[in-house]
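Starting off, we have a lone chain in the form predicted alone, written out as structure tokens.
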């Protein structure tokens, strides 16, 4: 009988924000896979430190490229596609041998996560199950101490990698905002918020639900870049009783 590949949503960074189901599957795992940048431990692996059973086999899936070449370079997709195919082959072979495999996923596996690329390749080959997790953006707006949406507010999730004019247009058209993938795009993001008239209402949350969590009004941030695990929040101000 085939084993199952589990995409395990770990939540935003604190181990005690994992679901009961995720915790149960992890503590019974014989094979644990996780993504990481070469030379790093990997954030997902860090979250579960001390929770992986003794004797479990770990499989680190190391990205061949992250920011070394631009997204527009044809080599970027080619390298990542080959990487995901190799990872798929390894997980498929384990499952077809009757082994269950847990794949650690930061946040929720179906929300901008790397596991999605494995899922699409595996789902017609072996059983695959996804365990949802709390997203990083949920932890970020919770860290600000204010609700993200009220009444009929429309929430828009944006990537700071979008062109500046596109960012500004979508920011102006929405009530509440979450902006991710900031990093080197911080300057572009700030200019777009200013163009949309949303800059003064924005908050920067770094390392939400992780050690070192920091919440700052964006207007008070003086740095030119921000950490990878950073999210900008603009709260909706809609209808309420």
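Just so we're clear, the structure is a prediction, and the values are computed from it rather than from any experiment. Residue numbers count along the first chain shown, from 1.
Same protein, other form: the form predicted together with another copy of the chain, not shown, and the subject of what follows.
For the candidate spot formed by 132, 147 and 170, every residue has a non-hydrogen atom within 4.5 angstroms of another copy of the chain in the predicted bound form. In the predicted bound form, another copy of the chain sits within 4.5 Å of a heavy atom belonging to residue 153. Taking non-hydrogen atoms only, residue 24 approaches another copy of the chain to within 4.5 angstroms in the predicted bound form. A residue is said to contact a partner when one of its heavy atoms sits within 4.5 Å of a partner heavy atom; residue 117 meets this definition for another copy of the chain in the predicted bound form. Though the partner is left out of this view, residue 93 does not reach within 4.5 Å of another copy of the chain in the predicted bound form, counting heavy atoms only.
Taking a 4.5 Å heavy atom cutoff to another copy of the chain in the predicted bound form, the contacting residues in 223 to 240 are 239, 240.
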